[in-house]
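This document starts with one chain, in the form predicted on its own, laid out as structure tokens.
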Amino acid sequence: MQHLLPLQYEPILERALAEDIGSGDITANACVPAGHQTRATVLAKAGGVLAGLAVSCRAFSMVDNGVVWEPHATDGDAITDRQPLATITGSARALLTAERVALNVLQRMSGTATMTARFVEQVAGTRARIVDTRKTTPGLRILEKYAVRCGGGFNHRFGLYDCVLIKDNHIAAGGGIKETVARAREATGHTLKIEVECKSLVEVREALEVGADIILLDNMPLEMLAEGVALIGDRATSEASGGVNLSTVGAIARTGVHLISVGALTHSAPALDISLEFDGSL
């Protein structure tokens, strides 16, 4: 699993902290002596899959570089209710000030990882991979896509720049699949794959004829989806999308499709309940 680098997530934390702290944490500064040192535990309050622990804990040391943390779990781990995830030691003011941002990040990322793991479990024994989409929270895409990996899923394209994905509106504006794919091949280099969204078997055949690398079978009834997958075979990578949920994903996977893209992994995952509990003064 690819790790996140500080240069990737620290700017996100800086913006989040600035948004929350503003001109200062008036409650912590008024109520807690400036030199007070404490220890706190990051504690799971529900079972799930952990994601974003290092990102979350970095928020505390960004408020005060004297804060230190010790992990008790690793991203991608299955965690249980009441499991200690990390110990944070340092300025009580800093811990209080960074608490909400740190927990928001950790709860959200772990929620995404947990939901992804549930989808992955449903397709076990098939060749299907669960992949994410671009339906991410603006500004948080790198965190949410990393969380999908923590849950056992895979990443689709990161943005508009790393894969050609020709959808229905591109086809309508470009004059059809054949013409649109031809323009895409002429305009892009040989290293970029071309994916074509198809809503019918007629479109699948046309996409195969023009040599699409990936064919997206969009919102097809299960029987049509199975026909489309059989038609494609291994001539291209097949991807199913639309109407995918935990009750339907198993049947979709059993059609033999290569990829199943699920927007809900990032746009509808509930936050995992995680808290910060002070253990006492040092």
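Given the structure is predicted, the values throughout are model-derived calculations rather than measurements. We number the residues from 1 along the sequence you see.
In what follows, reference is made to the form predicted in complex with a further copy of the same chain, a form of this protein that is not presented.
Across the proposed site, Gly35, Val49 and Leu85 without exception lack any heavy atom within 4.5 Å of a further copy of the same chain in the model of the complex.
Remark: Asp162 counts among the residues lining a further copy of the same chain in the model of the complex, judged by a heavy atom distance of 4.5 Å or less. For the chain shown alone, Asn169 is a contact residue for a further copy of the same chain in the model of the complex, at least one non-hydrogen atom being within 4.5 angstroms. Contact between Gly125 and a further copy of the same chain in the model of the complex is not found at the 4.5 Å heavy atom cutoff. When a further copy of the same chain is considered in the model of the complex, Thr89 lies well away from it, no heavy atom lying within 4.5 Å. Look at 116-124, 129-137, 77-85, 200-208: in the model of the complex, residues with non-hydrogen atoms within 4.5 angstroms of a further copy of the same chain sit in 129-137. Residues Gly159, Leu160, Tyr161, Asp162, Cys163, Val164, Leu165, Ile166, Asn169, His170, Ala172, Ala173, Gly174, Thr180, Arg183, Ala184, Arg185, Glu186, Ala187, Thr188, Gly189, His190, Thr191, Leu192 are the ones in 159-192 with at least one heavy atom within 4.5 Å of a further copy of the same chain in the model of the complex, listed in sequence order.
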